[in-house]
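Before any questions on binding or motion, here is one chain by itself as structure tokens, the form predicted alone.
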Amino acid sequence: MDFRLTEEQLALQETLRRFIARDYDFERRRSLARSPLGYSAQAWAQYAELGLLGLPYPEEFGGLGGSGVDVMAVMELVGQGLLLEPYLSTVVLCGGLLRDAAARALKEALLPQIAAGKLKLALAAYEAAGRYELAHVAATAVRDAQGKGWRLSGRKSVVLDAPSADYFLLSARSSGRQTDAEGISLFLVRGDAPGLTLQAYPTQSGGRAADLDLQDVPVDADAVIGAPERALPIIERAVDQGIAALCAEALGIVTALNEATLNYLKTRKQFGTVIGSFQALQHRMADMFIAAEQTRSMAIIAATEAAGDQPAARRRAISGAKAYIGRAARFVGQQAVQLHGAMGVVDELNVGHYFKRLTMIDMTFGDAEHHLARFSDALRVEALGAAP
């Protein structure tokens, strides 16, 4: 099998790479992270012009019909450039959910607006007590007095890119216990809906997130995404696709860290000679490049398996990739910081920012230990199922 990117994918990366070099250098990124919005509205409009915001959607809804590998090609550059815009939340997670599960009328209304850069969304699927378990839903959905809509109450935690979202895709329970797989529905909720309040905060890597508080928030009946009380599988699939995108972002960061570290070793002098001539440092650099190549392989597996229709096989592949990349990226980040010496942790150098983002990626949607356990459980279930 040929794992090389196509000419079109390479051209897409090169276009984005030129944009980053011209309009999104590290100092520009630092100023955007400190701004009230937290990202560049001009860059978001530029992504729309380049077709990036409609990349994974069918052409009939204003998209380009791209694949998971196309998204991987974009997210790799998102990582290299440390881009702050809500591409993962809006395009990959929420846009993917709408593409795969929404009624046609909602697709026609929302997907073209996402592709045009006029609409941003955020996924509110996690709660504090549930940690990484999507089935742990205590937020409630109750039919209103007329039986024509719903009333939502509860709290959602660490909703990525929530402060800039026009809509939320929010999970709530109308039946069953807090950890049951059944009884969960997914709702499209306006960001300015009455009874909805946000507690916003910056993340460690420069992005934005918020905790949501819902007090009897009204939602129309046609705002339910997918089948009522059976939303967990479509949420899990969207999160798996989001994890695959994060794996590609981590790949971009690892690649950038290796390049920056190698350049530093070639120029930094100690005892009258460049430190890159020291054999011990050469060995560490070689280990970093091996980790990067293995990260690329795992990111490709995640990108190709994320859209699979077999949930067990998809989850196993995604968890394997997330677990490996989490550990490999941590290794590369630590080595890069150490090989840069004291300057590896200063705010004025991008190395420390790359390492912070890798740490956030590892913690998002389940850290390496969580996914290693999930991968192990999947292998055990498969072995028991195959046993005579």
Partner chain sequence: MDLNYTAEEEAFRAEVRAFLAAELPADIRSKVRLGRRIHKDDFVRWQKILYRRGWGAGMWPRRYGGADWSVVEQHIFDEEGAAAGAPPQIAFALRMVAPVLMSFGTAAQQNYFLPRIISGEHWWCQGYSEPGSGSDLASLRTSAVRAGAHYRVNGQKTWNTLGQYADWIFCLVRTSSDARPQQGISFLLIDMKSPGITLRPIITIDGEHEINDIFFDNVQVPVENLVGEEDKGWTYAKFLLAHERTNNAGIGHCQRALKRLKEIATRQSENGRPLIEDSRFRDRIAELELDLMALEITNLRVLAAVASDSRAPGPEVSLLKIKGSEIIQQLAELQMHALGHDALPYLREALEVDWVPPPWLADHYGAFAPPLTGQYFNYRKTTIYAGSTEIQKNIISKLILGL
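Numbering follows the first chain given and starts at 1. Predicted model only: the values in this text are computed from it and were never measured.
There is another form of this protein, the form predicted in complex with its partner chain, and it is not shown here; the text below is about that form.
Residue heavy atoms within 4.5 Å of its partner chain in the predicted bound form occur in exactly one stretch of 124 to 132, 95 to 103, 73 to 81, 304 to 312, and that stretch is 124 to 132. Highlighted residues 229, 290 and 316: none comes within 4.5 Å of its partner chain in the predicted bound form, counting any heavy atom. A single residue from the set 49, 347, 59, 27 has any heavy atom within 4.5 angstroms of its partner chain in the predicted bound form; that residue is 347.
This chain appears without its partner; in the predicted bound form, the one residue of 32, 337, 328, 43 with a heavy atom within 4.5 Å of its partner chain is 337. Its partner chain in the predicted bound form is not approached by residue 216, whose heavy atoms all lie more than 4.5 angstroms from it. The shortest heavy atom separation between residue 112 and its partner chain in the predicted bound form exceeds 4.5 Å.
Its partner chain in the predicted bound form comes within 4.5 Å of no heavy atom belonging to residue 63. Remark: residue 175 does not count among the residues lining its partner chain in the predicted bound form, judged by a heavy atom distance of 4.5 Å or less.
Along 135 to 162, these residues reach a heavy atom to within 4.5 Å of its partner chain in the predicted bound form: 136, 155, 157, 158, 160.
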